[in-house]
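For reference, the chain that follows is the form predicted alone, supplied as structure tokens.
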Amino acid sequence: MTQHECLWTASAPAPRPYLDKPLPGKTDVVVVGGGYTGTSAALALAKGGARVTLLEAQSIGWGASARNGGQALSCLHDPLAHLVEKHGRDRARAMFLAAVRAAETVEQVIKDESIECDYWRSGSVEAASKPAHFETFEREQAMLYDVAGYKVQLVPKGEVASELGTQAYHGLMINPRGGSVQPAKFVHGLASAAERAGAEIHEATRVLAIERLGLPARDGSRFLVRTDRGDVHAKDVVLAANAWVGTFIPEFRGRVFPVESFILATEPLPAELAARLIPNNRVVYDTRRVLAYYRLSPDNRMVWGGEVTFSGVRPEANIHSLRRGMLRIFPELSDFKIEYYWGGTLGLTLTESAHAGMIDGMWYSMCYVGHGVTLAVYLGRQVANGILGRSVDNPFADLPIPRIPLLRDRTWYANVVKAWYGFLDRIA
């Protein structure tokens, strides 16, 4: 029987709660949000000597950070060729190399903080769903080396079995960097590390509004953060609430919207079968607009996410879509039970790009387009560097975020976009 429960939270040690501690009246920095961005920023700030108070409306990792596919990627959602068209060669190079450094940062933080999160430096596989997509890989391989000096490996259709036990794809692109994590263990490990460094963490504390003070207080406070448990004065604020940032920052309302991504996990597979389906234990995603992303869990379950799934429908409908997509690639899994099914909420904008910078004197980082395991950790650290007066590497600063017309009930918008992109995938 399928459990409507997240595999990662079910298989991780019970996290310690951060409850029942009184809020401080003032602090150096308030961090709003307890996912990868917020915990990474809090860790770097606390290690830099700042007094940090992290406020999380639910619990650490509640949104997507404990519930994603666990792919620690070293690339961006957009191919480098598209980034060059959008932003020019220099900025595109900086964006891509920031993503590479993001993967390296995750590995270094895990090592430095001794975070037990089943990290594996596997590399990633991008799988061409159509013949033309492999031709795009050939152009992208040349672009990556020419612009960024970065090497990837191409695997033609006839050799796909060396990486994936399927003939459904038209070739692969192997990125040697990046890896996989157990998401719940990782985000809770980041929170524990931040607390050890001196950060205060408060769960079940919802931020209602943030007011910028007309004149700084005598202690240097510039902001009043109002919560459902009391008010906190702060010199700086980090907005790390991602999909929910518009609920208390009006400037982001109608610009950032939540999208739920759904995932299933099978029962554990025999070791021989698991090794045949993904021989090098890499993380995998395909090239469709509404893509599938998948990997093996540490106990050899197939973990499959993405596909054309919708918010607000019966779980059985989404499970059917996910399972159908999985069996299209790996029909050998038809006899294996689906044991877990869950969803996680990520934040997106119309530009489908990461965004990090400042607004009204507050720092923000959000909207990683499925690459948050690495980018959120990296950009959270860059935001902290800015507050601490250190050098900042943030090529995603000041990117425009267009407003979405009629975006009130945001669930319908994400569902319509998924349905339209799914239609395009079928006919293109």
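Counting begins at 1, following the sequence as shown. Please read all numbers here as calculations on a predicted model, not as lab measurements.
Same protein, other form: the form predicted together with a small molecule, not shown, and the subject of what follows.
Considering the small molecule in the predicted complex, the lone stretch of 355 to 363, 30 to 38, 44 to 52, 392 to 400 in range is 30 to 38 [heavy atom distance within 4.5 Å]. Site annotation in the predicted complex: the residue of 302, 329, 95, 241 reaching within 4.5 Å of the small molecule with a heavy atom is 241. Listed residues 257, 120, 293, 223 were compared with the small molecule in the predicted complex; 293 is the one with a heavy atom within 4.5 Å.
The small molecule in the predicted complex is not approached by residue 387, whose heavy atoms all lie more than 4.5 angstroms from it. Mapping the unseen interface onto this chain, residue 205 counts among the residues with a heavy atom inside 4.5 Å of the small molecule in the predicted complex.
Residue 376 belongs to the set of residues with a heavy atom inside 4.5 Å of the small molecule in the predicted complex. Although the partner is absent from this view, residue 189 stays clear of the small molecule in the predicted complex, with no non-hydrogen atom inside 4.5 angstroms.
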